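Heads up, the chain below is alone and in the form predicted on its own; it's given as C-alpha cells.
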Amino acid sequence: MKSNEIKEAALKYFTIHGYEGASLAQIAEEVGMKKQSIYAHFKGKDDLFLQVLRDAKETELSSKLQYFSKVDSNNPEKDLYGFLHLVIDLFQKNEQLKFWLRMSFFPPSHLEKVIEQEVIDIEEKMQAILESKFQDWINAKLIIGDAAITPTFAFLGIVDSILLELVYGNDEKRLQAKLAASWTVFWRGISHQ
C-alpha cells in the first residue's frame, strides 16, 4: 500500500519538476515518511522513476486496448477518428499519461536508452494492433489499399503530430485545426469516395 502512495507522490513531483528537480526527500515528506524509508520499497530514485514510468505506460496501453476492444469494426472512420480524440483526452486529462508523454520526449539523460526501449515497445504494440485493424478493414473492403502497413504508418503520423502539439503547444484551437486537416487528408486517401 505504501509503495503505491510513494509512486503517486513521485508521479506528482516528477511531472511538475522532472527527474532532476524532484527529490526523494520531497516525495517522502508528501507521504509522511523519512527519505530513508523509501529504500525499503525502491532501490533508489531511478528505480522509483522507472516504476512510475512503466505504470504510466501500462495505463496508456490498457486505455488504448480497451478502446479498440469496444469499437464497431464496421465503421473505421468513426473508430479511427474516435481514437484520435481518445489520445487527446488521455494526455490532456490523465496526470500519469502527461508524465509518460513528457518523459518519452524529454527523458533524463542517464535513463534515455531504457526509456527509449519502453517507448519503442508500446509503439510496436500499437502498430501491430492498428495494422491488424487496417488489414481487417481492407479485407472487408471498408477502406482502400493493398498492404495495411501504409495506412498504419500514415495514421501513426497523425498520432505523432497530435502528441507533438500536446507536448509543445498549448493552443487548443491549433490542435483541433491540425487534427481536422490531417484527418481530412488521411480519410480521403483511404476511403471509397
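All residue numbers refer to positions in the sequence shown, first residue = 1. In this text, all values refer to a predicted model and were calculated from it rather than measured experimentally. Between two forms, the rigid core is the largest collection of C-alphas that superpose within 1.5 Å.
As for the form predicted in complex with the DNA, it is not shown, yet the points below apply to it.
Query raised in the report: Hey, in the predicted complex, is residue 33 touching the DNA, heavy atoms inside 4.5 Å?
Result: Yes, residue 33 lies within 4.5 Å of the DNA in the predicted complex.
**Report entry** Contact label in the predicted complex: residue 188 to the DNA, heavy atom within 4.5 Å
**Finding:** Heavy-atom contact with the DNA at 4.5 Å: absent for residue 188.
Query raised in the report: Is there a heavy atom of residue 11 no more than 4.5 Å from a heavy atom of the DNA in the predicted complex?
Result: Close contact is absent here: in the predicted complex, residue 11 is far from the DNA, nothing within 4.5 Å, heavy atoms only.
Report task. Indicate whether residue 135 is a 4.5 Å heavy atom neighbour of the DNA in the predicted complex. Result -> Result no; residue 135 lies far from the DNA in the predicted complex.
Requested in this report: Work out which of 170, 23, 184, 176 lies within 4.5 Å of the DNA in the predicted complex, going by heavy atoms.
Outcome: Selected option: 23.
Query raised in the report: Taking the DNA in the predicted complex as the reference, which of 51, 37, 161, 59 has a non-hydrogen atom within 4.5 Å?
Result: That would be 37.
Query raised in the report: in the predicted complex, do 85, 93 and 98 all reach within 4.5 Å of the DNA through at least one heavy atom apiece?
Result: Contact check failed for every one of 85, 93 and 98.
Query raised in the report: Any idea which of 122-130, 39-47, 62-70, 138-146 reaches within 4.5 Å of the DNA in the predicted complex, heavy atoms considered?
Result: Stretch with heavy atoms near the partner: 39-47.
Query raised in the report: Would the C-alpha of residue 164 be classed as shifted by 2 Å or more between this form and the one not shown after rigid-core alignment?
Result: The answer is no; the displacement is under 2 Å.
Requested in this report: Examine residue 64 after superposing the rigid core and state whether its CA is displaced by 2 Å or more between this form and the one not shown.
Outcome: Moves: no, less than 2 Å.
Query raised in the report: C-alpha of residue 31: shift of 2 angstroms or more between this form and the one not shown, rigid core aligned?
Result: Yes, shifts by 2 Å or more.
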